[in-house]
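Before any questions on how it binds or moves, here is one chain, the form predicted on its own, in C-alpha coordinates.
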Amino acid sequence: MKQTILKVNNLCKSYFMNKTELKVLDSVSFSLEKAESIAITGPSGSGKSTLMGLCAGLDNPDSGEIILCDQDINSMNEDERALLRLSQTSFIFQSFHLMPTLTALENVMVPLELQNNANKETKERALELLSKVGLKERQHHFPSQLSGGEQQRVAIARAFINQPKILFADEPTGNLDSHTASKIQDLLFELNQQLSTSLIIVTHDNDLAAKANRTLKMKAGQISE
(Lines give C-alpha, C1' and ligand atoms only; values in the text may rest on other atoms or scores of the structure.)
Protein backbone atom coordinates (compact mmCIF):
# COMPACT_ATOMS: atom_id res chain seq x y z
CA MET A 1 0.00 0.00 0.00
CA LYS A 2 1.38 3.38 -1.00
CA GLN A 3 2.04 6.02 1.63
CA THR A 4 1.93 9.65 0.49
CA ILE A 5 4.69 11.71 2.13
CA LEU A 6 4.04 15.00 0.31
CA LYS A 7 0.95 16.29 -1.46
CA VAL A 8 0.83 19.64 -3.25
CA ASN A 9 -2.43 21.05 -4.60
CA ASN A 10 -2.81 24.12 -6.84
CA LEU A 11 0.23 25.93 -5.46
CA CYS A 12 0.66 29.54 -6.55
CA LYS A 13 3.42 31.99 -5.71
CA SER A 14 4.20 35.48 -7.02
CA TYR A 15 6.75 38.15 -6.20
CA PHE A 16 6.58 41.85 -6.93
CA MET A 17 9.43 43.74 -8.57
CA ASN A 18 8.97 47.49 -9.03
CA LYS A 19 5.22 47.01 -8.54
CA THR A 20 5.17 44.43 -11.33
CA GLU A 21 3.86 40.98 -10.42
CA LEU A 22 6.13 38.07 -11.34
CA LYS A 23 4.24 34.78 -11.17
CA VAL A 24 6.78 32.12 -10.20
CA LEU A 25 4.40 29.19 -9.62
CA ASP A 26 1.04 28.79 -11.33
CA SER A 27 -1.34 26.09 -9.99
CA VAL A 28 1.30 23.41 -9.37
CA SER A 29 0.11 20.00 -8.15
CA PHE A 30 1.94 16.71 -7.52
CA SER A 31 2.47 14.06 -4.84
CA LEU A 32 5.43 12.06 -3.54
CA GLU A 33 5.22 8.53 -2.10
CA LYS A 34 7.35 6.81 0.52
CA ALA A 35 10.80 5.83 -0.85
CA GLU A 36 10.01 7.48 -4.21
CA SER A 37 12.47 9.81 -5.90
CA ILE A 38 11.47 12.79 -8.03
CA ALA A 39 13.76 15.04 -10.05
CA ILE A 40 12.55 18.58 -10.76
CA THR A 41 14.13 20.00 -13.90
CA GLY A 42 13.72 23.08 -16.07
CA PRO A 43 15.51 26.25 -17.12
CA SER A 44 16.75 28.83 -14.63
CA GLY A 45 13.89 30.97 -13.39
CA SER A 46 11.23 28.32 -14.02
CA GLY A 47 10.39 28.05 -10.30
CA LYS A 48 12.23 24.87 -9.28
CA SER A 49 13.94 26.13 -6.14
CA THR A 50 10.90 28.19 -5.15
CA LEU A 51 8.76 25.06 -5.34
CA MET A 52 11.17 23.06 -3.20
CA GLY A 53 11.39 25.85 -0.62
CA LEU A 54 7.60 25.99 -0.33
CA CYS A 55 7.33 22.20 -0.01
CA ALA A 56 9.84 22.31 2.85
CA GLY A 57 7.97 25.09 4.62
CA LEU A 58 10.75 27.63 4.14
CA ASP A 59 8.33 30.13 2.58
CA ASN A 60 4.56 30.64 2.30
CA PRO A 61 2.56 30.21 -0.91
CA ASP A 62 0.02 32.79 -2.04
CA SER A 63 -2.54 30.02 -2.34
CA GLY A 64 -2.74 26.26 -2.50
CA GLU A 65 -2.23 23.34 -0.13
CA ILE A 66 0.93 21.56 1.07
CA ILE A 67 0.52 18.39 3.13
CA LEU A 68 3.91 17.23 4.44
CA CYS A 69 4.03 14.04 6.53
CA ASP A 70 0.23 14.26 7.05
CA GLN A 71 0.41 17.86 8.30
CA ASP A 72 -0.90 20.99 6.62
CA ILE A 73 2.18 23.20 6.85
CA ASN A 74 0.31 26.31 5.70
CA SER A 75 -1.63 26.27 8.97
CA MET A 76 1.53 26.07 11.11
CA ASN A 77 3.47 28.92 12.67
CA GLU A 78 7.21 29.23 12.01
CA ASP A 79 8.24 27.38 15.19
CA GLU A 80 5.97 24.45 14.35
CA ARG A 81 7.31 24.28 10.80
CA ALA A 82 10.91 24.44 12.04
CA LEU A 83 10.23 21.50 14.36
CA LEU A 84 8.64 19.54 11.51
CA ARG A 85 11.63 20.21 9.25
CA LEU A 86 14.07 19.17 11.95
CA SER A 87 12.26 15.94 12.83
CA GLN A 88 10.93 14.78 9.45
CA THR A 89 13.10 16.27 6.68
CA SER A 90 16.71 16.82 5.67
CA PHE A 91 18.52 18.96 3.09
CA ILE A 92 21.52 18.57 0.80
CA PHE A 93 22.84 21.74 -0.82
CA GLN A 94 25.15 22.41 -3.75
CA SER A 95 27.62 24.19 -1.47
CA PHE A 96 27.72 21.45 1.21
CA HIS A 97 27.15 23.84 4.18
CA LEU A 98 29.40 21.94 6.59
CA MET A 99 30.50 23.64 9.80
CA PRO A 100 34.23 24.39 9.37
CA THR A 101 35.14 24.02 13.06
CA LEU A 102 33.60 20.53 13.35
CA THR A 103 35.09 17.24 12.20
CA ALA A 104 33.33 15.06 9.63
CA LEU A 105 31.89 12.92 12.44
CA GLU A 106 30.70 15.96 14.40
CA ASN A 107 29.09 17.47 11.29
CA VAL A 108 27.12 14.29 10.68
CA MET A 109 25.86 14.36 14.28
CA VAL A 110 24.63 17.98 14.16
CA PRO A 111 20.92 17.32 13.33
CA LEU A 112 20.50 15.07 16.35
CA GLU A 113 22.48 17.46 18.54
CA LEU A 114 19.96 20.15 17.59
CA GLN A 115 17.14 17.86 18.72
CA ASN A 116 18.95 17.06 21.98
CA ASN A 117 18.92 13.42 20.91
CA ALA A 118 22.67 12.91 20.85
CA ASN A 119 23.96 9.90 22.77
CA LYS A 120 26.27 6.93 22.33
CA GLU A 121 23.94 5.47 19.70
CA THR A 122 24.10 8.75 17.76
CA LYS A 123 27.86 8.43 17.39
CA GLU A 124 27.53 4.80 16.34
CA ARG A 125 24.90 5.72 13.73
CA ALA A 126 27.08 8.57 12.46
CA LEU A 127 30.05 6.24 12.12
CA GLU A 128 27.87 3.72 10.28
CA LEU A 129 26.75 6.38 7.80
CA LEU A 130 30.33 7.59 7.31
CA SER A 131 31.22 3.98 6.54
CA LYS A 132 28.39 3.77 3.99
CA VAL A 133 29.74 6.88 2.22
CA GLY A 134 33.32 5.57 2.41
CA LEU A 135 34.66 8.10 4.90
CA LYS A 136 35.04 6.24 8.19
CA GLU A 137 38.81 6.71 8.02
CA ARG A 138 38.31 10.46 7.57
CA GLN A 139 35.94 10.92 10.53
CA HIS A 140 38.36 13.20 12.45
CA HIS A 141 39.16 15.44 9.47
CA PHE A 142 37.79 18.97 9.19
CA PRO A 143 36.02 20.16 6.01
CA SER A 144 39.11 22.11 4.89
CA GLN A 145 41.01 18.80 4.89
CA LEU A 146 38.48 17.10 2.61
CA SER A 147 37.95 17.28 -1.15
CA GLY A 148 34.70 18.62 -2.60
CA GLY A 149 33.41 15.11 -3.21
CA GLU A 150 34.30 14.06 0.34
CA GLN A 151 32.55 17.11 1.78
CA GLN A 152 29.40 16.29 -0.19
CA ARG A 153 29.53 12.70 1.09
CA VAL A 154 29.69 14.06 4.66
CA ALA A 155 26.69 16.25 3.82
CA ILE A 156 24.80 13.20 2.54
CA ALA A 157 25.61 11.23 5.69
CA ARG A 158 24.41 14.18 7.79
CA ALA A 159 21.18 14.35 5.78
CA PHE A 160 20.33 10.74 6.60
CA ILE A 161 21.33 10.75 10.31
CA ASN A 162 17.86 11.62 11.59
CA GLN A 163 16.24 9.01 9.31
CA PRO A 164 14.13 11.63 7.51
CA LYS A 165 10.90 10.77 5.76
CA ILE A 166 11.78 13.19 2.96
CA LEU A 167 15.07 14.61 1.74
CA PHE A 168 15.33 17.78 -0.34
CA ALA A 169 18.43 18.13 -2.53
CA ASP A 170 19.17 21.38 -4.40
CA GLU A 171 21.74 20.80 -7.18
CA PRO A 172 23.60 18.25 -4.99
CA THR A 173 26.28 17.56 -7.62
CA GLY A 174 26.51 21.04 -9.15
CA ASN A 175 29.96 21.83 -7.71
CA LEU A 176 31.55 18.46 -8.50
CA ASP A 177 33.47 17.11 -11.47
CA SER A 178 31.63 14.56 -13.61
CA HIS A 179 33.41 11.49 -12.16
CA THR A 180 32.78 12.51 -8.55
CA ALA A 181 29.22 13.61 -9.38
CA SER A 182 28.43 10.16 -10.76
CA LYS A 183 29.62 8.51 -7.55
CA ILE A 184 27.58 10.95 -5.43
CA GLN A 185 24.47 10.25 -7.52
CA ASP A 186 24.81 6.49 -7.06
CA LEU A 187 25.33 6.93 -3.32
CA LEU A 188 22.31 9.21 -2.96
CA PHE A 189 19.92 6.76 -4.63
CA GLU A 190 21.47 3.78 -2.85
CA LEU A 191 20.74 5.34 0.55
CA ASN A 192 17.33 6.50 -0.69
CA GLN A 193 16.37 2.86 -1.25
CA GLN A 194 18.14 1.36 1.76
CA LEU A 195 16.52 3.77 4.23
CA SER A 196 13.16 4.23 2.40
CA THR A 197 13.58 8.01 2.40
CA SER A 198 11.57 9.93 -0.18
CA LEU A 199 13.73 12.18 -2.34
CA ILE A 200 13.14 15.46 -4.20
CA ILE A 201 16.06 16.70 -6.31
CA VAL A 202 16.25 20.04 -8.09
CA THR A 203 18.81 19.65 -10.87
CA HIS A 204 20.00 20.73 -14.31
CA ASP A 205 21.87 17.42 -14.66
CA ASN A 206 20.02 15.11 -17.08
CA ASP A 207 22.02 12.07 -15.93
CA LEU A 208 20.99 12.67 -12.33
CA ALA A 209 17.35 13.27 -13.29
CA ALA A 210 17.29 10.02 -15.28
CA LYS A 211 18.07 8.01 -12.13
CA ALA A 212 14.96 9.26 -10.33
CA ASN A 213 11.67 7.36 -10.44
CA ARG A 214 9.98 10.37 -12.03
CA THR A 215 10.96 13.69 -13.56
CA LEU A 216 8.79 16.79 -13.21
CA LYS A 217 9.68 19.36 -15.86
CA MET A 218 9.02 22.99 -15.04
CA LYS A 219 8.47 25.81 -17.48
CA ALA A 220 7.13 29.28 -16.71
CA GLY A 221 5.92 28.25 -13.27
CA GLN A 222 4.00 25.19 -14.35
CA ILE A 223 4.91 21.54 -14.02
CA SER A 224 4.38 18.44 -16.17
CA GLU A 225 5.60 14.86 -15.89
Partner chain sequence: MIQFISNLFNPWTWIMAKREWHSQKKHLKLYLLCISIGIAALVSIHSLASSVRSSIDLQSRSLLGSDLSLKSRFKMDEAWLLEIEKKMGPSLAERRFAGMAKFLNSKQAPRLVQVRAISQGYPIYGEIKTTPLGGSELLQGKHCLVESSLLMQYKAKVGDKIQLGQSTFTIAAQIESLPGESGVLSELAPRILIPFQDIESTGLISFGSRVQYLEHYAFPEDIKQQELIGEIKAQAEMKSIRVETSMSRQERVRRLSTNLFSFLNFSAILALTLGAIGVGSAIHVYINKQLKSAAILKCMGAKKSQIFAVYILQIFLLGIIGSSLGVCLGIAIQLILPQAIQAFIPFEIQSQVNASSIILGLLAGTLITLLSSLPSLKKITLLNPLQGLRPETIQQNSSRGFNFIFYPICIISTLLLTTLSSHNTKTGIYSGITLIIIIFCLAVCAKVFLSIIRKTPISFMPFTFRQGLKNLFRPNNQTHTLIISLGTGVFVIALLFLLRENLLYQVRKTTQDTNPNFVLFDIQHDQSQDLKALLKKAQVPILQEVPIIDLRLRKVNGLEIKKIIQNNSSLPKEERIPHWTLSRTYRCTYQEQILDSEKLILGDFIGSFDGDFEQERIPVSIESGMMEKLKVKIGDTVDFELSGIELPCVITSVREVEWMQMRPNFFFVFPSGPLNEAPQMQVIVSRSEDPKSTNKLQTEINNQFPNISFLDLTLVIQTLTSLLDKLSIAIRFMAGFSILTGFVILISTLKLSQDQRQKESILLKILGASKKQTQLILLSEFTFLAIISTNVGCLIAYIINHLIGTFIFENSPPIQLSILLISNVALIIITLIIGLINSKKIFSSPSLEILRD
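Everything quoted here is computed from the prediction, not taken from an experiment. Numbering follows the first chain given and starts at 1.
This protein has a second form, the form predicted together with its partner chain, left out of what is shown; the following refers to that one.
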* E128 near its partner chain in the predicted bound form, any heavy atom under 4.5 Å? -> no
* Heavy atom of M76 within 4.5 Å of its partner chain in the predicted bound form -> no
* **Distance check, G53 to its partner chain in the predicted bound form, heavy atom within 4.5 Å** => yes
* **Exercise: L187 in contact with its partner chain in the predicted bound form, heavy atom 4.5 Å** => no
* Candidate spot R85, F93 and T101, all three in 4.5 Å heavy atom range of its partner chain in the predicted bound form? -> yes
* Structure fact -> Given 26-34, 62-70, 177-185, 44-52, the stretch touching its partner chain in the predicted bound form at heavy atoms within 4.5 Å is 44-52
